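Each of two forms of one protein chain follows alone as structure tokens, named structure 1 and structure 2.
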Structure 1
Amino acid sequence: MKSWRLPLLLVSVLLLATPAVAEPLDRTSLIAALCGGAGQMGEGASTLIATAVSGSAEERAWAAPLARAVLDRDLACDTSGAVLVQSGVDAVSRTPREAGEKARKPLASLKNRATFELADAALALRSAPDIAARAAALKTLERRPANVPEGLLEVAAASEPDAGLREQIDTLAQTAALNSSDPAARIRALSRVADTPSRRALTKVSALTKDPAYTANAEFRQAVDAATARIERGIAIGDVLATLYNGLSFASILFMAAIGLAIIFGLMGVINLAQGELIMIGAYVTWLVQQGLRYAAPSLLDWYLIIAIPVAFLVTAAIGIAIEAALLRHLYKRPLMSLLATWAVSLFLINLVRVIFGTQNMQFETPFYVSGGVPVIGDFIFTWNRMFAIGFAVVTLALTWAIVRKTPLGLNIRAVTQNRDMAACIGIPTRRVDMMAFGLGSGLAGLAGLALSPIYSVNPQMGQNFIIDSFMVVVLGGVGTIAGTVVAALGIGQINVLIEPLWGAVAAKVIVLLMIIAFLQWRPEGLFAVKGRRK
């Protein structure tokens, strides 16, 4: 079976490689060829292909329907030329006329059929008015990159208005050049392909090791090997970067979820089990802001993520202050009871949201600044929504640090965290500091919800997915230190992302937990606990 394919390939490559016709197209003789025997039809098809590559716009528009007409048996040949039956026009002059009495519809042979399909796709790629048809033509060409006529893709790319499709054409051009008959062109193509390493490029290049030229031509073999090595290196770099980037974005989410928890825990020893629900409420507030903008100011809709920042912070901070004033105020000396009380609050909030909004996921617009990404190297894509989360976390970190380190409130928070009784003795209003700090911690949870809304699904249950991870961050980081939270979030985020591809998400969670338990053997109070602060 295989033996006949190679000669066929060579023949078709030779046919396609006929030098481009510079002289104007002889329309009458082309139609005659199409109506002729198998050999003549083959020549006609290659003329059509040549027209697609180097014909003028007018010629291409004229030739465009012909290949399809032959394939669909829509061309009726009679004594005075041929007629396109469907549209009822003369094939040469395109003036309306009926087909003659003894009209014959030429049938493309099996070999010619492939050439005509190629011609049809080539013409469509050059001259089809709508983008979908051009994309479809490109798909047809992609099926046999070895047969794509030389030069076609270059000119098609040059005239292609759509950037996305142009990129696809360029990719195909590289692939086609890899399979071209000229060894020098193939080697050039190899180095071009290796410039943009990706798993697809690797498959393409490594397929060439089975090419006969690989064993026959030493120069070609060297080029293939060099390209493979370069692409593999690029992919490896890309994978490392992608892991780092994903770990960083996961860490930034963990940090956002945990920083509020850490402030509250450090200050009053209260584990706020409702923190996850405050995150959830932050996301819902973001959704409400989006809906509000949709009705009030549709032109600002894209900026809802920015506009929602103060709203989400203030709403969740207010809820936090309310929880503190109504409940936790009475439970400071009983941290385990406040754990249960905040769990009651979280249960209440989940069900309240469920009753009001239902259990379905909320639909969010994707503003332009969080959609898409930039391919960097290998398969690593620098996505904007993750970048948004990272940037948001960095800004939040800076602001939180500034509040805790540079403001009177922060000074009070640190004093109360270090020694509540002594702080009270020197006149710091510890109860009010508690309230403010609880508001700050809750507001940070609200911001976390906002940062999550472009990445995660937003529903009443979402808070539960973060609460245990953020506990782990707080336990690992040590009570109430910003630095501890940052380092622990980075560590847990990176470890998770490193383990996940190897053994899966569940194993990652198991290993992280075991590592934390092991770590607590060494430092029971966490990474950055200050000695002697808490008993």
Structure 2
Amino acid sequence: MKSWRLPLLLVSVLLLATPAVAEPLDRTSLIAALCGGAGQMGEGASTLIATAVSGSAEERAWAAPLARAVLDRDLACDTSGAVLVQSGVDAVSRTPREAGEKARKPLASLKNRATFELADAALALRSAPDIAARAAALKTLERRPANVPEGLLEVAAASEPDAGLREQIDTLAQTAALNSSDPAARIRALSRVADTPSRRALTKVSALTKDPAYTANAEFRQAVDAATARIERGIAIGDVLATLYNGLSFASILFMAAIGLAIIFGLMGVINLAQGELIMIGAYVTWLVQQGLRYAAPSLLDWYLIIAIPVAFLVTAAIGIAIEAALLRHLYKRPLMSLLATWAVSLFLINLVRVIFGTQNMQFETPFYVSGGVPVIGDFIFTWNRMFAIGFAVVTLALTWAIVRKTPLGLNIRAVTQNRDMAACIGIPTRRVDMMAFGLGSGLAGLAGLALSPIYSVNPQMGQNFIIDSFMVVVLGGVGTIAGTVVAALGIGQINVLIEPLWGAVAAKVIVLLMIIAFLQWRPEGLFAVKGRRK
């Protein structure tokens, strides 16, 4: 290579690598255009839009009030330039001055007015310090996505500090790109839209099949069809995951509602119709803990669900022990009377709560760890409140299993469940075991109420919604077995969630009930039977 070519090549590379410097805004000419005729005002509005896209922060801040001043007729033009009347400053220098005697206020035509409104929104989106003003500007731009200048939303999203508003800007950018005049830009936008499949994205892309370009441009048509197929596939996967997740969430609630009943029914054979009301008491105790923290320790209010765990368990366990000692202990040989007695307790608790708290739904704070969710795919959102219920059910299952399998109380419960007379003969205090087991089952019902409080409405009637489901789980799983309760809750929960979208909630209940009846005709002892009960 000749010696003179190397410096020339370096100079060329440097020139190419150096970014183009935007031409500084000619403020005087811009003000003159805004004070001119209709054509000049249109050019001035376009300059304001270009400033919003590529102007410096100082130029955007200077230009921001001009579009609104024209729209509101707040710009007074005179021989020295123009004045922003409301602010009382010169439009160019922003120094205080009065408008001349023969100043006139330019009136934007209908065509120019739309352009000035677009410029006003674009400048507010880029330069307004208040997030509410930027959000309002974005709403204005959303009404005419096809007119949004290219590049505006990309630079606005890059500089937007608020994550939520930045996501909205990105969504509008995709919509605007789909309506771009450049086919290549539209095809790139289709690919980006298909990356986040949802029913909203499918609506946007499906509308493009009516676009003239869909029939005239084969490449565009192919891109639309491919994006539609990707979005539909993502939605289908999301629907399957959402069904499984909702079914698992419903199963965890059924398990928590039924595990206490399984222990009581399995040990003593008592059909405790007040179990649903013990769930309701657990939810109300959680609300009382929340209110107590609100006044005594507001800084801990977000953690009331965690703090309420021992309180809800102990209060409902104490109520259960009191019911067993005062009422059920005398009715063990009379199952019909014990059934009626627990029904009476159920009605008593419902009306007692009505008198004390009223019949309205209780208001719960939503702590940060159970609010919101994470979008996964399609319309499936991994919600934290349902995940809290699932995680709580898993912990409850582990603790219940540990108590029943690893503690002396659990050993006594299993012995009494399998053969009460033999257990009494070897010295196990069966009456005390009954009382402790009833307290354990009632405490677990209270924990179920705590877990339900972030998801369901808490009122005096809430317990009756779970008592039938709880008995279905216990009977199907096998009376008194933890494994049976888990499997039955998972089965009923998933089947119920699968059927409900097809035939409705009531039909789903009936179908599940018929399936359980048919199953029990074949296996009356349930899925997992306790050995002592099969003899």
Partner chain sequence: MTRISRDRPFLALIALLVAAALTMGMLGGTPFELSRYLTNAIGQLAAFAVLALSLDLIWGYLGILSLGHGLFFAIGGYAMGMYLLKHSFAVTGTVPDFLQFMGWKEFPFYWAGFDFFPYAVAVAVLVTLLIAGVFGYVSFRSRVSGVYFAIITQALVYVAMLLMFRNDTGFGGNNGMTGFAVIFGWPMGTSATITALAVVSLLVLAGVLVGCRWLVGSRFGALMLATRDDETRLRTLGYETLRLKLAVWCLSAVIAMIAGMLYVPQVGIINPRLLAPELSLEIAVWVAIGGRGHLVGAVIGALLVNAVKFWLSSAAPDVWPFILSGLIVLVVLVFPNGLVDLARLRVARPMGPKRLSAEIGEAR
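Between two forms, the rigid core is the largest collection of C-alphas that superpose within 1.5 Å. Numbering runs along the sequence of structure 1, starting at 1. On a predicted model such as this, the values are computed, not experimentally measured, just so you know.
The form predicted on its own corresponds to structure 2; structure 1 is the other form.
With the core held fixed between structure 1 and structure 2, Ala64 has its Cα displaced by at least 2 Å.
After superposition on the rigid core, the Cα atom of Ser46 is displaced by 2 Å or more between structure 1 and structure 2. The Cα shift for Gly372 between structure 1 and structure 2, taken after rigid core superposition, is smaller than 2 angstroms. Structural comparison between structure 1 and structure 2 after rigid-core fitting shows the C-alpha of Asp74 displaced 5.8 Å.
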